[in-house]
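Next up: just one chain, as structure tokens, the form predicted alone.
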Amino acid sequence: MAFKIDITTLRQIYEKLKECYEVISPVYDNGVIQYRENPSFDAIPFGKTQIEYAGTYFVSDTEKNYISYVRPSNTLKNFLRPPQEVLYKVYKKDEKIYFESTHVKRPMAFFDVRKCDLKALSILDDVFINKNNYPDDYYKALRENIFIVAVNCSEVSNVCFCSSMNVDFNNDYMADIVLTELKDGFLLEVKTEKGKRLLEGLVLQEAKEDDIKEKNQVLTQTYTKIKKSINKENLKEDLYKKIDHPYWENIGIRCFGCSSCTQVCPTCFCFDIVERNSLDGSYSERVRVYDSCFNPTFATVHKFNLRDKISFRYRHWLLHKMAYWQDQFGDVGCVGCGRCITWCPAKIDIEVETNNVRDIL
């Protein structure tokens, strides 16, 4: 089921989403395009584009399309696995101790999700639910209450390499509706019953065969614009062979170990558990917080740090994405969104380093 809509109808769809969901969409603020809770359709950064290189990011105006930016700097995990998440609370009342679980069921609609982030969401689903013998109830509670409006990219950034990381442009993954910007409007494709129900009451014009053809042309043109790539053939085996190569030290000298890459990565999920207690002992809460394999204490056991050098931590991170993940889940753990490249203050490029380690050495 597909329709051709204009910007006015797109605004109406956004308003209908707000009736049932907390809408999360890209917003331009303080020089950065980020996913935020956004009650205003006008706050979506239409007419903006982002320029990205290793360690470089800025946003400028463009007259190309409404949706000319690539993807926000943050990811869906910020909402489905928030940086701080209270797991349960313990408190005293009437001389008794009570335990209260805090599963949050927050209906959220993600407006404008790109294929790389949809693929990342499918990876997180495997990690926390589908391929986990002990599914994460907190993630699942949030995950079951979302609506996804996906958007097919028509532009790419200089750091994108999703096409070589198993991101399928013709797969709409778990999107409820999918948008593609055309020359004179938008192609709206309905993928689920939930998507169909959202559109009830709207006057929509069915898409024509030429509209579908134009969408396919957009996908093809976008695919050809991506210049970076990683050859995955025998990637895991080749990386394992280089696990003791001195080139890792070369990277370790340049890497600050700041963990910026893991914070912006849509699939990194390392966490720590902390206890927060009131001074009078009447209240305590257990909180899950973001952690990173780049933190010096992450691999410390009984005072011994198993990865006491930055080069060891970078090697672990890259191998987890490109090799260990294949052993665990049958797929790579990287979607080629390029965020870790853009936001690395040392300008270290995972695509370059992976190819270097595997092919050049």
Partner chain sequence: MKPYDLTEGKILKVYRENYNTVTVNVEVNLNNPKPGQFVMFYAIGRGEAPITIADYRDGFMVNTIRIVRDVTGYFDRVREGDVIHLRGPYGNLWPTNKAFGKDIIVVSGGLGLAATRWLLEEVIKQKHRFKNVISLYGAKSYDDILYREKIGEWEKEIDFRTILNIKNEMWKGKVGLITDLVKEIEIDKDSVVFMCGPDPMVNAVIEILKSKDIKKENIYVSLERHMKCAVGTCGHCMIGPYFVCKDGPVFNYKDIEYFYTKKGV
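Since the model is a prediction, treat every value here as computed from it, not as a measurement. Numbering follows the first chain given and starts at 1.
Another form, the form predicted in complex with the partner chain, is not on view; read the next lines as being about it.
Scanning 87, 174, 204, 141 against the partner chain in the model of the complex with a 4.5 Å heavy atom cut-off leaves one residue, 87. For the options 103, 183, 213, 227, the one in contact with the partner chain in the model of the complex, meaning a heavy atom within 4.5 Å, is 103. Contact here is defined as any heavy atom lying within 4.5 Å of the partner chain in the model of the complex, and by that definition each of 128, 134 and 243 is a contact residue. The stretch from 155-163, 235-243, 194-202, 256-264 that comes within 4.5 Å of the partner chain in the model of the complex, counting heavy atoms only, is 235-243. At the 4.5 Å threshold, heavy atoms of residue 57 stay clear of the partner chain in the model of the complex, well away from it. Taking non-hydrogen atoms only, residue 92 approaches the partner chain to within 4.5 angstroms in the model of the complex. Although the partner is absent from this view, residue 312 contacts the partner chain in the model of the complex, with a non-hydrogen atom inside 4.5 angstroms. Proximity of residue 53 to the partner chain in the model of the complex falls outside the 4.5 Å heavy atom cutoff. Shown here without the partner chain, the chain has 288, 291, 298, 300, 301, 302 in 287-302 lying with a heavy atom within 4.5 Å of that partner in the model of the complex.
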